[in-house]
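Okay, so we've got the same protein chain twice, two forms, each given alone as structure tokens, structure 1 and structure 2.
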Structure 1
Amino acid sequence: MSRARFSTTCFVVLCVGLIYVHRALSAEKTAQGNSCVQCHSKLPASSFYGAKSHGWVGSIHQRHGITCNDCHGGNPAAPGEKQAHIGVLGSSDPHSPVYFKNIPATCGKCHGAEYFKFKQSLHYQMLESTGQGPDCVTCHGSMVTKVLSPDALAGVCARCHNQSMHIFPDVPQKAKQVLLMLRESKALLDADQRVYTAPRSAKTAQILDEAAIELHDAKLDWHKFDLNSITNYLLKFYNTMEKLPPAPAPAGH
């Protein structure tokens, strides 16, 4: 590795480190002035309420400073339980923002695009009419809000889509394949964005942009659970990627 390259690498590592520390500190700062986090962190993990509360720790939401009151309401500036809990309702209360039928709208405040697609799905209709469809937390977990691995995903779909329930039992395997394909496509685009380094020709830039949009559309249709539509977008994506000219030779060696 040349010296110039080495110091660039050091610089990048340092910047990434600083960004990380800054993020961790600002998440900490949000938590410090927040009575929900402070008091709930002391509840024993063995209790129901403790276990639920601790689920938030380490989540992507914690890292972005999204705290309890963003989803549950209440007053995070009040130190006492009574005052802090004004407006906070348990999940079995139909007026609670975390009552299962209200969860999509609660998450949708910030994830509007996913919510919009979700509302077009049969799952949403089932959730509204019979209460039997999955809601956002069925697949993402209530506070950990993880994005599932393909295998874990198949497991979630199989809770309802299986032979004994007779509702589209082939869904879990199909969904797993589609999610794998979605991830491979993302990896391919990321790799090509590195290969075709700037300055790109106008044509290359246009092809990469077009492919990125098609991938984004595929991802969004995920929340409609229309596996065929996702596959169609991915096929378009692959067709677009085929149009890329040969990659430029690596520079500088």
Structure 2
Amino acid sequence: MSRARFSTTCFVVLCVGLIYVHRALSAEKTAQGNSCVQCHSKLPASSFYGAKSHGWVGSIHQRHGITCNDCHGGNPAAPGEKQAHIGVLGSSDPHSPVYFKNIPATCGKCHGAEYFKFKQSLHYQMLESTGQGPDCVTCHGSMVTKVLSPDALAGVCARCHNQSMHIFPDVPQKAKQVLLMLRESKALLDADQRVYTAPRSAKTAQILDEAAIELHDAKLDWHKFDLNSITNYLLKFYNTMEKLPPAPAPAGH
């Protein structure tokens, strides 16, 4: 192994190590003074509440300091279990922030743009009127947030959109294709942002910024579940990316 490659490998290992140390320190800092985290983290991972607590550690919610009380209520400063649980309501209680109809508004406290788009969707209208529409947890989970793969998404959509229920049975495959387009678009933008390294010309920087905005708008419109609108944003994105000048030659060529 060359000296340069060895140095690079050491640097990468060091960075990975620092990331894990940072996450551990962040989790410890978040737990300080929070009786919810301190108590629930001691529960066995095999139990329902223990599994939720253990899954929260290292999640994006934990990294941003979002703890149990932010969604469930309660008093994390209280030393005793009874006092800490005052105000906490079960998910089956219509007044609970995590009651299935209330979940969009609860998530919307932080994810305002996504909530705004979701309220424009037919899914939201169904959820409000009949209680049968999806909410944020349907696609993203709760404690450990996720983004569904295209195949998993098609499976979730097919729960309602299928031949037997006669509710737009073509939606699962269409949604899968649009999600694939979104993923490919993100990969393309990421690749070109690496190729066109700084310092960039003003024109190149403007094109990449414009493309990033169009891709962001497409992602936001996903929460409206308007597949045609998302596709239109992606077409604008591809047209913008085609305006990029020839990529610079690699160093040394």
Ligand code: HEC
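Residue numbering: sequential along structure 1, first residue numbered 1. In this text the structure is predicted, and so the values were computed from the model without any measurement. In this text, rigid core is short for the largest set of C-alphas that superpose within 1.5 Å between two forms.
- It is structure 2 that shows the chain in the form predicted alone.
- Here residue 64 and residue 92 end up in different rigid parts once the change between structure 1 and structure 2 is broken into two.
- Hinge motion between structure 1 and structure 2 is captured by two rigid parts, the smaller swinging by 13° against the larger on C-alpha superposition.
- Its Cα shifted by 2.8 Å between structure 1 and structure 2, residue 39 is reported here after superposition on the rigid core.
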